[in-house]
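Here are two versions of the same chain, shown separately as structure tokens and labelled structure 1 and structure 2.
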Structure 1
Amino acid sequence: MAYAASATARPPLLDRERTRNAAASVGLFLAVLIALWALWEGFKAFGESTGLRLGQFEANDRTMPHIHDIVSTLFEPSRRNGPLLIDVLWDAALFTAKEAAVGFTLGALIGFVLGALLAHFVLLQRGFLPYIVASQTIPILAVAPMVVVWVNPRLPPGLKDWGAVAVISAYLTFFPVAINTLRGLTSVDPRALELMRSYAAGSWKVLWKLRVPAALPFIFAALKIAAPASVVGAIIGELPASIQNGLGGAILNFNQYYVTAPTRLWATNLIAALLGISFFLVVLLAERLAVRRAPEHVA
């Protein structure tokens, strides 16, 4: 590689520095958290006291509930004499996580295989890529019933309903993976390809020994996008699949009752976001393990 000979642009970190950096970034995270909180509350207070109106926007408890209210809602009963909201949401999150995990795996695989096929067969790429793009612009809510009606009867009993959700989740997941895989696999240094050609390596070998390793940064970027997307996909998929035990059901309900209890929707979003973040972290961890190359290439 052209750049292989050069030393690292950034000197390697010492352990001490690394610890200091970690501490600093945690500190910074907290600082941002506090800053956002202050900004939110400050803006709200300012808006409420001045009666500020920006277009439709007006600061009040409905548009901007207090952050502490959002958090404390979690630890209040979900209704009179009911379990704590956080317990309800925790169960829902676990349920959704299962669907999303299957959806993510499925979507990542499909996306990768599709990307690899398109990268290898230019004709395929020219013929089908537009329609893969088209498939993604079809509003999922319009096709979701079709998916449920078609997929559900063909699933084994154990997978009924939530299997269809996983399929919808996969549908929302595969596209970024396919696009990035395609780009990554075709971004290989032509000289590196020539080497493989000189060994008369078959496309399969070229794929595994050259293209995929070279494309890993692209693929992992896509997986990082796909991980939270699979959670979104699962949540959206729960609606047409009539699943009420997941976060989708909760969101739909709180959505419906937003005017009476806005903090609940915000709290549920918080949980959905945490779920997405944990999916993201899993991918991040996998990346750390899989990609071992020049430090400057691992961002």
Structure 2
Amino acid sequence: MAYAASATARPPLLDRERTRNAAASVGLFLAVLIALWALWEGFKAFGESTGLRLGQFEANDRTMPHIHDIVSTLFEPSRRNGPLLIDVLWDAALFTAKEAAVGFTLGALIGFVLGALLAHFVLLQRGFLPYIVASQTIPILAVAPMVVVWVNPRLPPGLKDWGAVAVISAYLTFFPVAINTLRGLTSVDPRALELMRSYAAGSWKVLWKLRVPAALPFIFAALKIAAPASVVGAIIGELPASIQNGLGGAILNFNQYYVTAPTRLWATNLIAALLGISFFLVVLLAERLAVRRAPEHVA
């Protein structure tokens, strides 16, 4: 009876603990946000009052607009008698999110398959891994125009232009996924691997029953890095593709008016940052669901 009572008492305790942890995470996030806000405004006030200059940088309303001015700009018309800036940036963020989501999915799949192949074939790993690493030493600004020129003519009309941007996004995504997948798949306990082989388990079954579950922490760590990177790749890829519908086009547009309206460019950067954070949070949620459904948590 005592054991049954303790067993029934565990779920409410776990729920309360999770609630406390969630409240602590939200409180910490708000505290850091307020601290960054205060640091920004404090440095700006200090720089303006003392005339501080760091090289060519000078703290003023052009280089460091007030945070509340940046936020309030979102709710002002983007042009005379035009829609609000937040509506324009919302549509641009959705367009960029489509490109980044396709690129992230494509890059994650390519990275996982590549990591699995390298983990299974040691000779292939020794031959191709240096070239995979070298591919990331090329600046993305140099790769993006070439990808647009190569890929665009080969895409159907519905994917033209933004499909090439998704490929650029995938280029930034596949590398961390491939490297971490390789690291995770080869980190299996040798005793567990020997046990699977003693039961005459094939390579496919060893991969999905043993190696992949062991590699999940590595894979999700890579996905959390790759998710915001896919957004960056999509924004950068929109520039050589001459796409005006996404955040890249908005950044390029408002950059031309930075001297007279710097808050609009800062507001665009804020929306881009929030888009990258939202991608990260989606991966974090997927990780929580995958870990919760793992065999050791289902008993």
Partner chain sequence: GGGDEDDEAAAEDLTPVTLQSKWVVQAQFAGYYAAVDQGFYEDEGLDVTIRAGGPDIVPEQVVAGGQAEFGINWLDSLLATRDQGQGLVNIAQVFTRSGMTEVTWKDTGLDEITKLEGKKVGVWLGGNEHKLFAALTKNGLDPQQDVEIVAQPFDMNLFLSREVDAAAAMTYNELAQVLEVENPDTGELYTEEELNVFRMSELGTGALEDGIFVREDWIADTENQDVAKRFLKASFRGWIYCRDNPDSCVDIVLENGPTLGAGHQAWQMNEINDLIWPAPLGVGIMDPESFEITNQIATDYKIIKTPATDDAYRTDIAEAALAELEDEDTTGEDWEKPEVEVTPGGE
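The term rigid core refers to the maximal set of C-alpha atoms that superpose within 1.5 Å between the two forms. Numbers follow structure 1, counted from its first residue as 1. This structure is a prediction, so every number in the text was calculated from the model and none was measured.
Between structures 1 and 2, only structure 2 derives from the form predicted alone. Residue displacement note: G27 has its CA displaced by at least 2 Å between structure 1 and structure 2 (rigid core superposed). Fitting the two forms on the rigid core leaves the C-alpha of N255 displaced by at least 2 angstroms between structure 1 and structure 2. Core-superposed comparison between structure 1 and structure 2: the CA of A45 stays below a 2 Å shift.
Comparison between structure 1 and structure 2 places the CA of Q56 3.5 angstrom away from its other position, after core fitting.
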